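Presented below, as structure tokens, is a lone chain in the form predicted on its own.
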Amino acid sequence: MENILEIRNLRVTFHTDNGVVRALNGVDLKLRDGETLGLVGETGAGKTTLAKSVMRLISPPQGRIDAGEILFGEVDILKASQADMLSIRGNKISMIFQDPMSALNPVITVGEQIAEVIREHESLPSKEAWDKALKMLSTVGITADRAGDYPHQFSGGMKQRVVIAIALACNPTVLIADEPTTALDVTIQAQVLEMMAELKKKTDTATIIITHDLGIVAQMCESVVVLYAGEVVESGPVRDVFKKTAHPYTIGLLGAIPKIHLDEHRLHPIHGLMPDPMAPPEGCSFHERCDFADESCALNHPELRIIGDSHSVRCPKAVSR
């Protein structure tokens, strides 16, 4: 399969009164046509910054994309004109934002919010756009008679379904889902994920799912990219990364998940915190929290290298473990 989206050496900084925050430090990522890719990492790793960079929603002058390319087919999104971005954003590349409560306009009906996207990008008459909006509501499991209701009349799970309907209204080529189930309870999470999986089968849209939950990655994704302190530390097919885990950070993430078949009384967290993004360490960004680190790890910054078929890791000790 061909790459439909390719990110090369993406570097993003945020300029604040306290200093420069280095949010992304040379990120590379490839998304193939029809693939579902999981983007994993703890809060502050740079996941949402990467998603907003693809949508070109990093706001200057505080936020700056300092280097890199984001190739969508033949188009470099970072060099595209504003008019081109208006035709791409929400049409060819759509995003499900993290909080459905704030993603919807509280004073416009949900049907009108879906129809507005369709009218904007497909230039349909109001009646046809409205009819398509009703079909989109039905697609995500909401009856057409709710189209005239306002967001406050829906539960959190229903709001998320509306947000998904808006994102899929124009049949995008790429869908970015930024923690689509974070604000939902466990039962509703399962329903939304099941619905997304069914829609994926119907549309075959290439998807990036941003999540903290490795269970979601195992359930939904073919490949996974693990971010830490603004860098890719491990990437590859889900089976390889989960079964042949190489980077100490990924080992820690998987080790922190409770195992129901073992009689354990305590969780196994990764100790410590991510480094200060205003003052990143000279060597490996994970060395202060790593059980395998030695003196060289504090001095030398490791490069991302291939250790298997499409399996890459940013750790020189990966093969020896």
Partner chain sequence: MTEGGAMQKGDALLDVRGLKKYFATPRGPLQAVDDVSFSILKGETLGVVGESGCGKSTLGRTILRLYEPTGGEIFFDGQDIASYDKKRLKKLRTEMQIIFQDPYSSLNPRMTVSQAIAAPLVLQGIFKKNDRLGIDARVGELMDLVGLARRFVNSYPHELDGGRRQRIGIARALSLKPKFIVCDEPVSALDVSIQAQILNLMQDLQGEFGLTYMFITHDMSVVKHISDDIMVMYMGRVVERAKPGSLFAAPLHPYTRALLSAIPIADPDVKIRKEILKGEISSPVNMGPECRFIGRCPDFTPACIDKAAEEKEVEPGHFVSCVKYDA
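Numbering follows the first chain given and starts at 1. Here, rigid core means the biggest group of C-alpha atoms that superpose within 1.5 Å across both forms. None of these values were measured; they are calculated from a predicted model.
This protein has a second form, the form predicted in complex with its partner chain, left out of what is shown; the following refers to that one.
The candidate stretches are 260-268, 56-64, 292-300, 29-37, and the one lying within 4.5 Å of its partner chain in the predicted complex by heavy atoms is 260-268. Contact annotation: of the candidates N171, T187, T143, Q153, the single residue with a non-hydrogen atom within 4.5 angstroms of its partner chain in the predicted complex is T187. Heavy atoms of E42 reach within 4.5 Å of its partner chain in the predicted complex, making it an interface residue. Proximity of G157 to its partner chain in the predicted complex falls within the 4.5 Å heavy atom cutoff. None of the heavy atoms of V232 is located within 4.5 Å of its partner chain in the predicted complex. Within this chain, L253 lines the site of its partner chain in the predicted complex, having a heavy atom no more than 4.5 Å away. Residues of 238-253 that come within 4.5 Å of its partner chain in the predicted complex, judged by any heavy atom, are V238, R239, F242, K243, L253 in sequence order. Comparing the forms between this form and the one not shown, the C-alpha position of L267 differs by 2 angstroms or more, with the core used for superposition.
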